[in-house]
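Form predicted alone, single chain, as structure tokens, below.
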């Protein structure tokens, strides 16, 4: 897809292009499906994109902002402004169904959907992304990143990580 300044660019065009921008740590999920693209405004001379980080201290935040800006800039001569907004708190319910599948493809147990309250059972009983078993145990609520926990599957005998649910 190639945009130009004389072509009418829509919000949907921008979101489609951003499907190519993947989470730097989880390359099987786009920033759109991760749910961190909160708003896209397409003006006559500028495209404004607003992001919400998964965690306020996410070390990949600036990298993702730059990746989003670079992707849209390479497609259009319009100015592109990418800002991060901390007013809206991200939660794991913002991950799309396609995003949940992307987490599984990466070998991560996806977070369970919640009703605004994360219960401890949602973390302690993760479904193994390798065999689908729920005969699993949590080994540590702390994984290699803040958003992951460590688990073990008693059926396929593999260790795995869960993308922890966040409310």
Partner chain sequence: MQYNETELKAVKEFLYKIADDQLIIGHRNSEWTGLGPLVEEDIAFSSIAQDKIGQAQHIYEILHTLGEADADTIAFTRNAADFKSCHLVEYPIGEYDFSLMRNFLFNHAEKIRFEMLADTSLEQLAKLAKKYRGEIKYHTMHSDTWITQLGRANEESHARMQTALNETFNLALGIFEESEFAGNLKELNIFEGESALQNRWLEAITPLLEKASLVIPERSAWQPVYGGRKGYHTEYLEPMLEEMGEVFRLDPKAEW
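Residue numbers count along the first chain shown, from 1. These numbers were taken from a predicted model, which means no experiment stands behind them.
Although not depicted, the form predicted in complex with the partner chain is the subject of the following passage.
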Under a 4.5 Å heavy atom criterion, is residue 138 part of the interface with the partner chain in the model of the complex?
yes
Is there a heavy atom of residue 59 no more than 4.5 Å from a heavy atom of the partner chain in the model of the complex?
yes
Just checking whether residue 146 would be counted as a contact of the partner chain in the model of the complex - the rule being heavy atoms within 4.5 angstroms.
yes
Taking heavy atoms and a 4.5 Å cut-off, does residue 150 contact the partner chain in the model of the complex?
yes
Looking at 39, 133, 124, 28, which is the one with a non-hydrogen atom within 4.5 Å of the partner chain in the model of the complex?
124
Looking at 83, 73, 96, 89, which is the one with a non-hydrogen atom within 4.5 Å of the partner chain in the model of the complex?
89
Is any part of 93-132 within 4.5 angstroms of the partner chain in the model of the complex by a non-hydrogen atom, and which residues would that be?
117, 118, 120, 123, 124
